[in-house]
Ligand code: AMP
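As structure tokens, one chain now follows by itself in the form predicted alone.
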């Protein structure tokens, strides 16, 4: 089989490599030199190509080596956060598992909002200026990754005060979004172009600093602390949802898939995550999406309750990606999976 599953050494690389090996595929890791010892501990890469950083992926000699190996790159969150995504989409010639154009939409918050609205999905309000704010908001600064750089404001005056304190200009390209009070939920879906079907493979919640640790401090003491909540993700917690809520999320996921087909053909391919807050079991608001594998799937390298219901065996998101690639190769349908 003249193909190999390739990824960059970060985010969910271990899961991607393990899943590919479980499906009998060759594995290639583009490994940062500084992390070589870490990845060699797990012995999951058949080939280890040392690079200085993720931007090395678009270097000509790296791409030539990958092409000679029959590589299919599985992208993850580091690709979104650490490279010029427009340049990457244009200059990276190695086949990518998934729709590379959707990576651009994921990296642009306004395009994200447009796609969700096209799908008829309930989203929080967004504001183009602090002067428009009339409710609690969460502010997402340019380049934020994994919640880094997010902060909360109780209203217009509080927002302006915090922006001024941070020396952030009011014409900066920050994104102001209504803060939805509810339980955050991150279901992991997989859309198979081969089966034309949406699968649910897991659900998680994110554990964030320091907003989650603030809840351990008594309210009377919190008032005396001049502490701004932060939302940078440090880990993930598995979650099992009520079946009635799952039904709503399947509806959201299927509408999302159809909207991507209309706006960014051929649409979503493979993994995606709907990032939502449940105000009540009947009121779900979607504030983000990820159009690729998310780090929360690392909880389920040996499978989740939902993947077991479908497959009756260990099925991580990484292995599900590899299985789709293997099946497509065997039926000469790889063009349905790569761009």
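Only a predicted model underlies this, so the values are computations on that prediction, with no experimental measurement involved. Numbering follows the first chain given and starts at 1.
Omitted here: the form predicted in complex with adenosine monophosphate. The next part is about that form.
- Using a 4.5 angstroms heavy atom cutoff to adenosine monophosphate in the model of the complex, none of 197, 256 and 272 count as contacting.
- Residues of just one listed stretch (156-164, 79-87, 213-221, 132-140) have heavy atoms within 4.5 Å of adenosine monophosphate in the model of the complex: 132-140.
- A heavy atom within 4.5 Å of adenosine monophosphate in the model of the complex is found for one listed residue only; from 228, 209, 126, 184, this is 184.
- A heavy atom within 4.5 Å of adenosine monophosphate in the model of the complex is found for exactly one of 150, 191, 92, 249: 150.
- None of the heavy atoms of residue 306 is located within 4.5 Å of adenosine monophosphate in the model of the complex.
- In the model of the complex, none of the heavy atoms of residue 103 sits within 4.5 Å of a heavy atom of adenosine monophosphate.
- Residue contact with adenosine monophosphate in the model of the complex: residue 119 places no heavy atom within 4.5 Å of it.
- A residue is said to contact a partner when one of its heavy atoms sits within 4.5 Å of a partner heavy atom; residue 180 meets this definition for adenosine monophosphate in the model of the complex.
- Using a 4.5 Å cut-off on any heavy atom, none of the residues of 61-96 reaches adenosine monophosphate in the model of the complex.
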